[in-house]
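Shown here is one chain on its own, the form predicted alone, set out as structure tokens.
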């Protein structure tokens, strides 16, 4: 990537502790121009995810517009991950009173407006369930021409983390995921095969703790994060999607056909990734299959060091 290239993005998120790290990375990597943050129900309710985004923007004193999105999946009952991220989604740090407010318009409307008004295509980065994105593509298909691509954290080429086969973000709203993967847009999938390797080890966590006010805040959140432990390492699922934007060379990828299982009694929400081309269907996604973990850690820590 040339030093002058700036990537305009809309970030759709459900914070979530690793989402908080990803938001920080998106705000402080100089190659990213964060145009809008939209919230979705996932790790916790949409009221909490919206509140959490506003808390973080207050903490960092960043004036990025925020729009509240959907409160439930397209057709299913919401299942959350508060057992991983705590009751609020950001347990462990006292942020104080919130001074920012979300936009009055719905996230899907806000995304449409930013896309239509942009003079260049924008990348959608989705690090929660894909409900908002699916509604955008369904209600406003005219926006597709202004979407550069969709980079998402979700899915797996192998096993799941929420059920034996399904990854959490896809499982929560598999119908939405199917709409997205069938959209015809360029899609990059950062699934569990890479994100589960993207760990901060104890040495990294101690370095982050001491480097600035942001590091101290994240360290407090990490005490309540259940995707790993402070001693064995913490898994940074969502920051992988941000890393892919600016450091695509640290990932090994493969273009292949991906579909979402909607009917299986035990396999609902599985991403069927046709790595070997056995289904003879056209490729619809670039799938990350490996990551250079050392380079990922260096990028993430150096990016967070730029925060206050």
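The shown structure was predicted, so the numbers you read here are calculated from the model rather than taken from an experiment. Numbering follows the first chain given and starts at 1.
Beyond what is shown, the protein has a form predicted in complex with a small molecule; the following relates to that form.
Every residue in the set 19, 161 and 169 has a non-hydrogen atom no more than 4.5 Å from the small molecule in the predicted bound form. Note on contacts: among 127, 110, 176, 90, the single residue with a heavy atom within 4.5 Å of the small molecule in the predicted bound form is 127.
Looking at residue 38, you'd find every heavy atom of it more than 4.5 angstroms from the small molecule in the predicted bound form.
In the predicted bound form, the small molecule sits within 4.5 Å of a heavy atom belonging to residue 153. Only one of 235-243, 66-74, 272-280, 50-58 places residue heavy atoms within 4.5 angstroms of the small molecule in the predicted bound form, namely 235-243.
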